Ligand code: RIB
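Just one chain follows, in the form predicted on its own, and it is written as structure tokens.
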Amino acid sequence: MTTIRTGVGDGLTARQVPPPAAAVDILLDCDTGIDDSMAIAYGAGNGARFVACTTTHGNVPSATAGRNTVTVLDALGLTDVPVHVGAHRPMAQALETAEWVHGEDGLGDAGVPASTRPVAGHLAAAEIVRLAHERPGELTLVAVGPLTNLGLALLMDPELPQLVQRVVIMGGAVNTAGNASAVAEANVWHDPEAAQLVVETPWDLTVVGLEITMLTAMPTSAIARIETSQDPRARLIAAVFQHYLGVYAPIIGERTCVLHDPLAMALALEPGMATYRLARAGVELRGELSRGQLVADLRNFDPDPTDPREPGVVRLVDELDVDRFHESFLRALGA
């Protein structure tokens, strides 16, 4: 077993989260580019029951993310999972997207045939609220893009935090470098106001940030297993992630990529794969150089929080079994 500490909770007693049941009902909010596709594939192969997917701006425009989401779902045989397009721009700043990372089509320009299945438009936040009321206490909300849809849903319904079982987001860079600015991670940076709404909400929120995701680069042997597999799931991801490998190779120094969004999905499905620490946190909204930074109080001046549903308290990943995560990812692809 390979266990990696993030530096977030060194010297402290990590808090374990009990493992979930074999299958988990997932409501996925995404901006489907390459690693979102990998997260969907990870979930499909590891017990996720996708209740619905909602899409937002981020990697690509929201409508493109919606089309990509149905394309990936359909390729994986999940043709009955509804997809709802949501927010087309952040709450308080201009829209920016990241086609240079994900390809002009968001799926690595790999020529993946687009699904023709209809996608519901502009109702993502309302759908999050509706499903939470329809299935109170049952849904795990996983968000792997900017948090505009979640922020809007919270503004629509103050009861939402009591209706959702858990929330897991891929976002933030606590005590490490950012990737959208020197200190800000892209999903938080793309809509800091929405991210602050999500962080300050009294619900059980796990934050899967760059301080842990940047440690999940796959070994070259794992890349080879995906690229040589004849399983249709592996062939889909092998085609899509070629562009991604090219982006990460000069950053990491070898032909690999980092599994940002799949790790959030993994910890939603199997939280016992990691250990955690609770911390008080907030998003910087005004700093000229630090806007979009997720700031967690790691000083230990005050007693550590003990209630994950305390407003402004988040669950940070402390230790991760990286080998177990990689093997679960490869198993999901049949590689």
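This structure is a prediction, so every number in the text was calculated from the model and none was measured. Each residue number is its position in the shown sequence, starting from 1.
Only in words, not in the display: the form predicted in complex with alpha-D-ribofuranose (RIB), which the text now covers.
Residue heavy atoms within 4.5 Å of alpha-D-ribofuranose (RIB) in the model of the complex occur in exactly one stretch of 177-185, 227-235, 131-139, 112-120, and that stretch is 177-185.
Candidate site formed by Thr54, Ala125 and Val164: none of these residues places a non-hydrogen atom within 4.5 angstroms of alpha-D-ribofuranose (RIB) in the model of the complex.
Interface membership of Leu210, defined by any non-hydrogen atom within 4.5 Å of alpha-D-ribofuranose (RIB) in the model of the complex, is confirmed. Among residues of the shown chain, Asp261 is one whose heavy atoms approach alpha-D-ribofuranose (RIB) to within 4.5 Å in the model of the complex. Under a 4.5 angstroms non-hydrogen atom cutoff, alpha-D-ribofuranose (RIB) in the model of the complex has Val144 among its neighbouring residues.
Among residues of the shown chain, Met170 is one whose heavy atoms approach alpha-D-ribofuranose (RIB) to within 4.5 Å in the model of the complex. Residues from 265-292 do not approach alpha-D-ribofuranose (RIB) in the model of the complex: none has a non-hydrogen atom within 4.5 Å of it.
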